[in-house]
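Take a look at this one chain, the form predicted alone, written out in structure tokens.
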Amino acid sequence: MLHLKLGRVGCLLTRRAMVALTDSGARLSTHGHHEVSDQLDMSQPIYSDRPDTPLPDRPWKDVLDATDKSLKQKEKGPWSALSKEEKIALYRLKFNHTYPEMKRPSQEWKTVIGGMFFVFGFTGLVVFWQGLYVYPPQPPTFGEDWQAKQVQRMLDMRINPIEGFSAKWDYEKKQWK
């Protein structure tokens, strides 16, 4: 019963955190102001600048001022009469960003690489600390003198003389073949 309640509380907190962290228009009231926050109506058309969606549901500017309205009236006439600045202003009424602006690379890769280096460095420090204080000392069988004695013992016992270890040793000249 307690596990079920904790699951429901966790689900509720997760949903509330997702709503709080989205930047899609749903804003929580700021600290000190006790007003109701805006809620985004998902049934209404939404503007989005995305390269894979060339025509958004609604224009960038919904509410037009007097200059924008006069520009929209000029738009109905011949486009050759419009200046370059007016054409750009008409474009900016409909869209917030151009394709090159949308495709401009962000500097987020620097943060990602920096975070990776931080994690790798911290992991290296933890491994170094464990090597000093956690792991036991190396056993004597890892030493070079011990391994040399073990190789000599294997040769004296003639271990695997057909294709293996002893087959590569010349017993008459006392050296490797």
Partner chain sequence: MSYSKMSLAKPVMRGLLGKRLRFHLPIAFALSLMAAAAFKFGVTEPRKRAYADFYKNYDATKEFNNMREAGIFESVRPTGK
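Computed from a predicted structure; not experimentally measured. Positions refer to the first chain, counted from 1.
Although it is not shown, the form predicted in complex with the partner chain is what the next lines describe.
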For this session: Select, from the options 51-59, 108-116, 148-156, 38-46, the stretch whose residues sit within 4.5 angstroms of the partner chain in the model of the complex by heavy atom distance.
Result: 148-156
Problem set entry | Contact residue in the model of the complex, chosen from Lys72, Lys87, Lys94, Lys103 - any heavy atom within 4.5 Å of the partner chain | Lys87
Problem set entry | 4.5 angstroms heavy atom contact with the partner chain in the model of the complex for Tyr99 | no
Exercise. Heavy atom within 4.5 Å of the partner chain in the model of the complex: which residues of 114-136 qualify?
Worked result: none
